[in-house]
Each structure stands twice: as C-alpha cells, then as structure tokens.
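Below sits a lone chain in structure tokens, taken as the form predicted on its own.
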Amino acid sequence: MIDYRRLRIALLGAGAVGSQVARLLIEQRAELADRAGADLELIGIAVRNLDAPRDVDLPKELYTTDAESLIHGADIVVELIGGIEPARSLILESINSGADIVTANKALLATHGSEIYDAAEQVGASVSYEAAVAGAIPIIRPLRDSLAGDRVTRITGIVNGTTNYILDRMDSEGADFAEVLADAQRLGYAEADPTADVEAYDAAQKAAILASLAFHTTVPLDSVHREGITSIDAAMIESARHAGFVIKLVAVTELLQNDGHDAISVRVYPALVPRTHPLASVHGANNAVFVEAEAAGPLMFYGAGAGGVQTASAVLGDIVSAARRHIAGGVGTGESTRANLPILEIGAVTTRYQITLEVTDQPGVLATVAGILSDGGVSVATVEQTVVDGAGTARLVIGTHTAREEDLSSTAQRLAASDVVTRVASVLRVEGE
C-alpha cells in the first residue's frame, strides 16, 4: 500500500449535499487517495446543532459547533453552509489560515466573489466551485480551463431545476402554474418559500458566475436582468406550442458589440425556445448549459442540476483537484477578470419577440396595431388572430422580426395605451434560433 501524504479536510455544513460529501470521503477514502495522490482525512464537520436529524449516519465524533477551531487545522475547507454569513467570514478566515477552499455557494460567489478571489490570490490559495452552478454538470472547469484559449460568444442555460420542472409539466400536461408548484413543493423540488426559484434569483446568481468566467469580467449581481416565471399561464404555453416553441427559464450571457467595442449582456427570463433546439428537450428538474465559442463551436452540457449525491460528485472533484495542487506545490489558479468589459442594460439586446394582445373585435384593429408596431421600429413576421366568441374581443399573437429591446418595450407601452387593445397578455423573447 502506498504511504500517501495526509491532507486534512474540514467540512462546514451537513445538509443534503454536505452529508453525502462526508459519506463519500469516508467510504471511498482509499480510492480517492489513489486519484488525488494524498490521503484525504475528514477531520470534522461543523454544524449549528449537534442533535439535528441527518440524512446520513456518520460518526458522531466528527461533528462540532466550533467551526473556527476546525478550519485552523485543515488543509482544505469545504463550505456547504450556503447563504452569505457566516459562510463569507469562515471562508475568508480559512484562506488567511492557509487552506484551499471548495464551495457550492452560488449566492456568496455572485455577491462577494471578487473579495474571496482577491483574498485567495494574495496568499496563493485556490477557490474551487464546480458545484455552484448546475449541480453535477461539469461546466466551471470547461469555462475556466478548457475554453480559456477560445473566445466564448454566448451561453444559454437552463440552470434552475425547480422552474424547469414546473414549465416542463405545464407544457407536457397543460397544467396550471399553481398546481404544478404545489406538486414541486410536495416532492421537494421547491422550497416552502419558492421565491428564489420562481422569481429567478437563483438563476441570476448562476448567470453572474457563468458570465464572469466566460468573459473574464467581474459581473455584479445587480447588473443581471432578471424576470421570473410567475406570469406564465397555460394559454401562453399553448400559444408557444402552436408556434413551435417551448417556454423555458433561460440564463443568457452574450458577447455583443457596442460602438465597435466588445460588451456583454447578462439576463435571465422566460423565453421561447424552438422545439428543435437541444435545450427544448431538457425535461424535469434537469439542467443544461449550451456554450457557443468561435473555435470550438457549439457545446452542450447536460445532467442533474441538483440532488445531494449528484452535487456531492462535483464537490469531490474539486476536493481531489485541490489535493493534487497541494501535492504538486505552487500557488492556486486565480480568476481571470481582467477584461473588464462593459455590461449593457437589457435595452441594448436584440432578439425576436412574440407579443400576445387582447383587442376589440372590430374592423381596422389589425391595421392600427400594425401601425403602432411600425412606428416603433418593430417589424411584423407573423400574425395569428383568434376571436373570443361572445366576448367582443379577439386574441392576436404577433411574431416579430429581430428588434431592439428598447424599441420593443416602448412599443409595448404604446400598444397597452391604445384604444383598440384591452390587454397586453404577454411579451416573450425568442432565444436559441
């Protein structure tokens, strides 16, 4: 048996992911040692409550409420607490004590990533976070390492399993949003308070991380345009289906031109995705990230976006990588955010749209609507009209040619104010064409 050097692993948090990481570190210790070239010893698990029920039966002597003492005796600290504090303070203290960091904390990285990366760079530590975006899917390392020499032009991702489960069932079964959300909560896909998922806060955090990596630019969370899925109803799903689309909550990070110079757009919203696009076939609570690069071309990463053991797989991969760096020596790999590209407002984005209007059923309405669109610089590609029997109204579903978001937004306001339009039912963007 090879006598490997021992590396001490401190685990912060023993929830669904943390307990699985601990189990795998213990059960696969010998196998992991062969992969890492080091004996990975789990020296302790910091928790808030020693008596709380756990998903996995682990040795009780590993648990402690003294996180600070634990991290000062560790070579690698694995933070799986979540949230901002005390995670931020404990990570910074771990870095200052000389430890490398592995984390799955998307919220922390999206809001305080620069501070953490800078602290790590000052002492030569590494920060690894493969599990922070898209669960078990390997996407962070491909963007940070494999595609570092290429020019990424666009990323379109389904990065929230809860919303994808909801929209997928609405599409496949014709179910209502509230009904499917209740099922998602019962099955554990959605929290009792689903705001972070259905209002796209979770996806926006992941989009900020992906954009920072892809475009080598620090992307503050408040620069990510965010729209949730609570306004999506069965009629919108059916209209999308009829037009050959499926509605998905997508995170889009895109390289654009602004006055002849590179700039980026980062946005999250429900969008129409052609049913022929690979992202349209992402079902259930799965995630997928579609990357487009100049040399490599289109690349698709697909798999489980959540789940304790699935996410633990990504965490263990980071632990092994950190251990190999310890054995090889040298400083950690810092984050490349030196491009400092400007981040454009949503108004600068150009795409196609589907506008659904409820209008009065009378002669000349279509001409009036077409005139408002034309005056706003929005060109009509398709129009479908359905008369609502006995209501004196009609439903117009208008597909546009490519238009600037700023122009479309102002035009939608003028449509809403028109005497012939009773309601702007929805405005959905088209992505993935």
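The model shown is predicted, which means the values in this text are computed figures rather than measured ones. Quick note: we count residues from 1 along the sequence shown, nothing fancier.
Omitted from view is the form predicted in complex with a small molecule, to which the following refers.
Comment: 202 to 210 is the region of 313 to 321, 202 to 210, 146 to 154, 266 to 274 lying near the small molecule in the predicted bound form, near meaning a non-hydrogen atom within 4.5 Å. For G113, no non-hydrogen atom is located within 4.5 Å of the small molecule in the predicted bound form, even though that partner is not displayed. Among residues of the shown chain, K106 is one whose heavy atoms approach the small molecule to within 4.5 Å in the predicted bound form.
Mapping the unseen interface onto this chain, N160 counts among the residues with a heavy atom inside 4.5 Å of the small molecule in the predicted bound form.
Under a 4.5 angstroms non-hydrogen atom cutoff, the small molecule in the predicted bound form lacks L255 among its neighbouring residues. Contact annotation: of the candidates L221, A306, L344, A119, the single residue with a non-hydrogen atom within 4.5 angstroms of the small molecule in the predicted bound form is A306.
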